[in-house]
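As a starting point, one isolated chain is supplied in C-alpha cells, in the form predicted on its own.
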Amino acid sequence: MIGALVTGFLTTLKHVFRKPVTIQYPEERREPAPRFRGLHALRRYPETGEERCISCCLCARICPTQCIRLVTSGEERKVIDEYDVDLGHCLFCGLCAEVCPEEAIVLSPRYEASYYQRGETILRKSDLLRHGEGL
C-alpha cells in the first residue's frame, strides 16, 4: 500500500514542473495548423483593391450542400450584388476554394464562429471581404 502511495506522489511530482498544456482562451489563442480550414473569406487584389471574384459561380455550383448563394448583375462584366455563405450548412470541405480560378474565395485561419441566432450563421459579402483583409 505504501509503494502505491509513493508511486502516486512521484507521478504527481513529475507533472508539477511540466509546462501546462491548457491555454487561457480567449486571452491566449492557439495558432491553427498550416492547412486548417476556417471561416470563408473573399480576397481583393492588393494593388488595386478590386475584388478578385469574377462571378463565375463555380463555387456555388460545386458546393455539395449548396450553402453559397450569389446574386449577380450586368451583362458584359458581371458584378456581385450578394454573396452569402451559410455556415450552418457548410462542411468546410474547401471545394469552393479549390475550384475558384481567381483564388477569390479562401478558407481563412479564423476559427471563431459562435452565434446566438440561427440567422447569424449566414456570412454576407461585407463579412467575407472583411475576413479576407490581409490574406
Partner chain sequence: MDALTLLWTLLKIMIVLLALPVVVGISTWAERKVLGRLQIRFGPNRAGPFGVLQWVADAVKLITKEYVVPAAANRWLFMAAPLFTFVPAATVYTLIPFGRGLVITDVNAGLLMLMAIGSLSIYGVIFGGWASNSKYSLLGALRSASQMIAYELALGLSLVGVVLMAGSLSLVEIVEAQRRVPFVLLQPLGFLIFLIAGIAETNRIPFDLPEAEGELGAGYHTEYSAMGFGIFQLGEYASVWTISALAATLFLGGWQGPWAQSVAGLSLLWFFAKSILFILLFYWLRATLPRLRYDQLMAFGWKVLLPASLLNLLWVAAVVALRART
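Nothing here was measured: the structure is a model prediction, and the numbers come from that model. Note that the rigid core is defined as the largest set of C-alphas that superpose within 1.5 Å between two forms. Numbering follows the first chain given and starts at 1.
Beyond what is shown, the protein has a form predicted in complex with the partner chain; the following relates to that form.
**Student:** Among 24-32, 71-79, 100-108, 40-48, which stretch has residues whose heavy atoms lie within 4.5 Å of the partner chain in the model of the complex?
**Tutor:** Contact criterion met by 24-32 only.
**Student:** Classify residue 115 as contacting or not contacting the partner chain in the model of the complex by the rule of any non-hydrogen atom within 4.5 angstroms, answering yes or no.
**Tutor:** Contact check for residue 115: no, nothing within 4.5 Å of the partner chain in the model of the complex.
**Student:** Decide whether residue 124 counts as a contact residue for the partner chain in the model of the complex under a heavy atom distance cut-off of 4.5 Å.
**Tutor:** Although the partner chain is absent here, residue 124 would stay clear of it in the model of the complex, with no heavy atoms inside 4.5 Å.
**Student:** Suppose contact means any heavy atom within 4.5 Å; which members of 1-24 contact the partner chain in the model of the complex?
**Tutor:** Read in sequence order, the residues that approach the partner chain (within 4.5 Å, in the model of the complex) are 5, 8, 9, 12, 13, 15, 16, 18, 19, 20, 21, 22, 24.
**Student:** Please say whether, between this form and the one not shown, the C-alpha of residue 10 moves by 2 Å or more once the core is aligned.
**Tutor:** Yes, residue 10 moves 2 Å or more.
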